[in-house]
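Okay, so here's just one chain, in structure tokens, the form predicted on its own.
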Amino acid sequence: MRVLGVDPGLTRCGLGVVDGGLGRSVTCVAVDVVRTSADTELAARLLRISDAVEHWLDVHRPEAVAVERVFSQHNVRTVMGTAQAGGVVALNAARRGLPVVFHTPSEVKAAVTGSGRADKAQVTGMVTRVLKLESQPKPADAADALALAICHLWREPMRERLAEAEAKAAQVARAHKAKLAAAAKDRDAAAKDKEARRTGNGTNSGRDTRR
């Protein structure tokens, strides 16, 4: 599977494409950072990001897109910019019918380094090692984009199996509930039939006695 990882941001938007092979084998296909100036109008900045993502989707044709989920920060302006850039990416992918999955920073760190509290240097180091890169991808946004793609490749199969297991469990639970409801209905019908026969027999017996 080929995944486009995106570390969204208005000033720097990291893009990284990774191919997944057998087991946990992963290969870097491309990585880059889209930059926009803070002096440019918001709409133009978002358009620049959208055009870049569209180009990457055309050139690399990923099968899925992994985007970092926005998390709480003290800087509301930064959060808004990240959310807006992520929304543009999700829209571009959705128009092509590509699945879009949002991963939290802790999920990405845990998947790549084994610790959800790893710092950026640790993430960059593990990304470089796992992908067998000659040098560390810079800036950190580029490494984070690759980490997102790796996270998706390693976590999604497990997530899909879990979702499948949950769906099967829910189906079994619904079938069991339906059987219980049907059994209860049959018991109620049998009880009513028995009561009707008892009441009818008692009436007939009374009439026979009067005769």
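Just so it is clear, the structure is predicted and the values come from calculations on it, not from any experiment. The first residue of the sequence shown is number 1, and the count goes up from there.
Only in words, not in the display: the form predicted together with a further copy of the same chain, which the text now covers.
Residue heavy atoms within 4.5 Å of a further copy of the same chain in the predicted bound form occur in exactly one stretch of 139-147, 56-64, 179-187, 40-48, and that stretch is 40-48. At a distance of at most 4.5 angstroms from a further copy of the same chain in the predicted bound form, none of the three residues Gly116, Val130 and Trp154 contributes a non-hydrogen atom. Although the partner is absent from this view, Met126 stays clear of a further copy of the same chain in the predicted bound form, with no non-hydrogen atom inside 4.5 angstroms.
By the criterion of a heavy atom within 4.5 Å, Val100 is counted among the residues contacting a further copy of the same chain in the predicted bound form. Looking at Val70, you'd find a heavy atom of it within 4.5 angstroms of a further copy of the same chain in the predicted bound form.
At a distance threshold of 4.5 angstroms between non-hydrogen atoms, Ala90 is in contact with a further copy of the same chain in the predicted bound form.
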